[in-house]
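Shown next as structure tokens: one chain only, the form predicted alone.
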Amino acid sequence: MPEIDDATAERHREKMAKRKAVQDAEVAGKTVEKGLLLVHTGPGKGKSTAAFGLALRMLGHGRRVGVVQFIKGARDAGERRALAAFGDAVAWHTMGEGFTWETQDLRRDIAAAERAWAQAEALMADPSIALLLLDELNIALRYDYLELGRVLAALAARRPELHVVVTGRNAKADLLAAADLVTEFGQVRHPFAAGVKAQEGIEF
């Protein structure tokens, strides 16, 4: 560690004090508290992973979480096992039957999406749920398994305090416009392109 003289230390202290004052003033100016609509989209890995991180954070505050998986089937996933440890604090519903190239049945995919959306609406109406994770809803909307306007209307009419996070690639422009927070997950490199298969604890 380099030796720091008193003058350098004092300049740093003054600089950080000014920065803190600006930051504190900005934070103090934010007074609105509301349920947020968050969208995780983009081609990169981590959209659902980040959403489950939010679920864990909410559980840490003693609040209930709802999860509805729209496309993913009943594959045994590490996040489901981990969140099962929270018991009734997590309402988990895997409603998909696998990606569309697996089912190859449009009517079946639409029916599964409808069942998942009905479950999502039930959880939106449950006052004990603080965070609702709609995993891969963007995929269901992309393939028109659900009518976008109907979904947007229900999200807009949800309980004022309910946070909702929607994941999946290719989020619709109107959903992005309605969201309070949008995170685009970019892809720089993925091991799958180098022949590495999906691995336990990383992809599932």
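We number the residues from 1 along the sequence you see. Predicted model, so just to flag it, every value in this text is computed and none were measured.
Below: the form predicted together with a further copy of the same chain, not depicted.
Residue contact with a further copy of the same chain in the predicted bound form: S128 places no heavy atom within 4.5 Å of it. Put simply, A122 is far from a further copy of the same chain in the predicted bound form: not one heavy atom of it is within 4.5 Å.
In the predicted bound form, a further copy of the same chain sits beyond 4.5 Å of every heavy atom of E97. Under a 4.5 angstroms non-hydrogen atom cutoff, a further copy of the same chain in the predicted bound form has L146 among its neighbouring residues. Looking at 7-21, the residues that come within 4.5 Å of a further copy of the same chain in the predicted bound form, counting any heavy atom, are T8, A9, H12, R13, M16, A17, R19, K20.
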